[in-house]
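Given next, in structure tokens, is a single chain: the form predicted on its own.
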């Protein structure tokens, strides 16, 4: 508290000394930062900076400078430098510090320092702002506004290393849209950033990060850059992969991966892919921040790319990441990155999943589910989701054990939606389990939790909760289905089928489809509460323009139509036009769809309605013919989709048995 009192002293020497002491105590010390933050140090420092700026502005307006003014100017400049250093240190790698700096209104004051005639003041302001703009909490810099674009270009054209670095950092932080990328490119920023690649290591690194932001998902900007300097621009970045500084090598690797992912015309040969893969693996061994970030760069290279995942497998990447995973003192960011990298390697190839499970580090992944870091918990769930795609191990019930299930279910109560969604994704995969072990989840309280989450205000949570419930009832026994339906209730299912989010609608219909699949007694679920579920299904089928909703809805009707006569007649009622002036059933639209999956689902329902051994099959066939459904099916006899063609011929074959003569 004594330090804070000294910051408020009227003696400028005491204030300056207090500022230096605060700076020296908080640099690299998170505990001290938090302590000073709670004491209100940041607003106090911001007030000092504001007062010093106001005094300096007042002197400029007066014109004539006295000796007293010169002394004051000395103290003001030192206050600028020390205040900027303190605010920047609070913001460095500390989100609570960034938030406090922003809340104190310090950002515009720091920006004012950039126009100060004293180079040391400008450098101090630029360094502080760079630290602030490294945080996602910092407001987006509106690049497209004319004055702000001019200011940004003036930063990049500065002679000061810290100022140009600030300009590059702002681009990295705020350049997000293709229009912003194009505007910066058209303003000549690419050439300026290319020039910075030949500057100091700090300028090179800032330039590489900015270039990556400009290139991301923008092949036009990539092509423009590659054409710079007679085609040598790309070679400049490739050359930096051999730089003596590990961070420069990492950023060059990241930048090249962004180019490769953004444009199909550059860096697509096996040689460069292999080089980037091995480089990102090599940088994992760095003990500092570079090693923490390397797994994320590696993931960006192999994500959704089976050929590169196979290359990673052959490069023993699984073994390397698993060895690092066994280090109990990993930085949370590195642990998060390793788990995500393992998830990406195992996302497509069964051989990768098999190798990973053989490395005996699975317990370390499950332990990460209870980590203090939300990022680590989320990454662990994503890793589990990826590895549990293994049908072989699901069939063997490998993942259906309390060591894994209990912490996953507990994460459904996590305070962060991102963690809940990731946990739901992992649970969904495990619930596909083809054994009868689904009771493990029910005993752990998962069913009640999933139903509660299906009512969440967050549509992503509702969606993923329904996905898990859908998999829970998949191939479940009758007793399990009954227990699930009793908890779910028909009214909740009906409301979810009519949810405002179409993806939620689709999963709700898919859940009902799985619920009533199999035993005829299961079909009765859609008739409870006066058939509220069946009415909701018809409502969605009549109004939807989304093929996926039509597919799931038609399979629901198809499953109901596989039941007894009462069930089949109920489906017939759904197919009848419900509005007086509507002459055509919605199923005609589905039979004419360009989506072969929807055509297949629609024809399946007709197959089940007209099965010859059913007493009312002939009567239904006549009705379907009068509705124009059978003639439409006859037109599909040469459908380009084999599945559709086979089902169509089944319907027509069943019609022939009744002497309908449609063949």
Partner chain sequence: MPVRVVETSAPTQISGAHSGQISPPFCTLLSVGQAFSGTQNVSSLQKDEAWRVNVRIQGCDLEHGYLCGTMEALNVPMADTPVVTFWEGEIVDGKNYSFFTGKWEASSEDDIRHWTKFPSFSPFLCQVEVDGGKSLDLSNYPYIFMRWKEQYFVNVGTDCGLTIAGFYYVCFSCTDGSISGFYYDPNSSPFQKLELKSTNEGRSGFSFSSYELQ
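Residue numbers count along the first chain shown, from 1. Please read all numbers here as calculations on a predicted model, not as lab measurements.
This protein has a second form, the form predicted together with the partner chain, left out of what is shown; the following refers to that one.
If you check the partner chain in the predicted complex, you find a heavy atom from every one of 464, 513 and 518 within 4.5 Å. In summary, among the residues 627, 617, 607, 50, the only one with a non-hydrogen atom within 4.5 Å of the partner chain in the predicted complex is 607. With the partner omitted here, the residue from 526, 166, 341, 561 that has a non-hydrogen atom within 4.5 angstroms of the partner chain in the predicted complex is 561.
In the predicted complex, the partner chain lies within 4.5 Å of some heavy atom of residue 385. Remark: residue 371 does not count among the residues lining the partner chain in the predicted complex, judged by a heavy atom distance of 4.5 Å or less.
At a distance threshold of 4.5 angstroms between non-hydrogen atoms, residue 202 is out of contact with the partner chain in the predicted complex. Although the partner is absent from this view, residue 646 contacts the partner chain in the predicted complex, with a non-hydrogen atom inside 4.5 angstroms. Shown alone, this chain has one stretch from 180-188, 193-201, 312-320, 349-357 that lies within 4.5 Å of the partner chain in the predicted complex by heavy atoms: 349-357.
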